[in-house]
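So this first bit is one chain, no partners, the form predicted alone, shown in structure tokens.
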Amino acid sequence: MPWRLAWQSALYGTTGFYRRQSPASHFVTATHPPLGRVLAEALWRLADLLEVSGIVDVGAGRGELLTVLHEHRPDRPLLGCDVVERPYELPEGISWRRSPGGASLAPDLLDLDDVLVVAHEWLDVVPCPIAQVDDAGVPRLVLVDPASGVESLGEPLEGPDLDWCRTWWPTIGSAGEPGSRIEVGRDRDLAWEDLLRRIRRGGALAIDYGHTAEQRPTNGSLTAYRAGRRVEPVPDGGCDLTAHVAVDSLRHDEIWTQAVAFDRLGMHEPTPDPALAQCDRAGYLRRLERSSAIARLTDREGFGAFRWVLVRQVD
């Protein structure tokens, strides 16, 4: 079957990966402490700049980011959305909406007002068609056996998906080399637009692995994670499946790397002087943890290369 359908079933089907298991047991993101505490601080700074009161977390997992956001501002409204029921360990006062998964949002997630909507590593797990250029230079859908991961080429791309590729993926046409892969981002663009339509006033921020037209991955970026290790992508429901996002095709007001975003938000912390540990060990350790977290979150070879895609919504 086409990769998009196999991917959707593997992650969000009735026995899909995200319904059966906590993603945190398979991979760690920047939302998990101690990094998450610093990320939460940055997001509240952005919310303050946008002059909004609350934050909505789309693709909230088991509430890791919501929990640290609550630690920073326990008096501010928070709402999480994901395919599972509200995690029992979430602090009281945090609201929750259950969504179908993938590109589909909760039907009652509407008229969001006075909030920053954050989609942290959501779009990279919105399934999309995978295509490959054949020996004649024609981009064709890649089919996959859900049980084994064995691939074959199907029908040529056509219609809106082909139009999207011609606009946003330079390996289409005369530049297309046989064997080059395309992750067709139109479904992600539509999911993002759907989310934006639900915001009456505030802002939307997608934080994700991403690339722009001049840096599209020739061999694509589809990969998988199981038990903390990167593995071959097989859509059997036993691993996470993810592919980087064509961030420039998303509607946006600004796109930053996370390193640039942190700089603009004033998220700096020099490494503390070790002498501080002699008179205030607890204070030294707090500052060391924060400075180390900021260094990791702004490392341009790691989390610092994440893209922040920002849209401001005005009533």
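As the structure is a computational prediction, the values presented were derived from the model and not from experiment. Residue positions are given as counts along the sequence shown, with the first one as 1.
If you look for the form predicted together with a small molecule, you will not find it shown, but the lines that follow are about it.
Engineer: Taking Q132, W164 and A213 as a possible spot, do all three reach the small molecule in the model of the complex with a heavy atom inside 4.5 Å?
Structural biologist: Spot residues vs the small molecule: no contact at all.
Engineer: Only one of 76-84, 196-204, 152-160, 230-238 gets a heavy atom within 4.5 Å of the small molecule in the model of the complex; which is it?
Structural biologist: The contacting stretch is 76-84.
Engineer: Answer yes if any heavy atom of A243 is within 4.5 Å of a heavy atom of the small molecule in the model of the complex; otherwise answer no.
Structural biologist: So A243 does not count as contacting the small molecule.
Engineer: Taking heavy atoms only, is T29 within 4.5 angstroms of the small molecule in the model of the complex?
Structural biologist: The answer is yes: T29 has a heavy atom within 4.5 Å of the small molecule.
Engineer: Spell out, yes or no, whether the shortest heavy atom distance between G36 and the small molecule in the model of the complex is within 4.5 Å.
Structural biologist: Outside the cut-off, so no.
Engineer: Report yes if any heavy atom of R186 sits within 4.5 Å of a heavy atom of the small molecule in the model of the complex; otherwise report no.
Structural biologist: Close contact is absent here: in the model of the complex, R186 is far from the small molecule, nothing within 4.5 Å, heavy atoms only.
Engineer: In the model of the complex, which of the listed residues (V142, I94, L112, L105) lies with a heavy atom within 4.5 Å of the small molecule?
Structural biologist: Of the candidates V142, I94, L112, L105, L105 is the one lying within 4.5 Å of the small molecule in the model of the complex.
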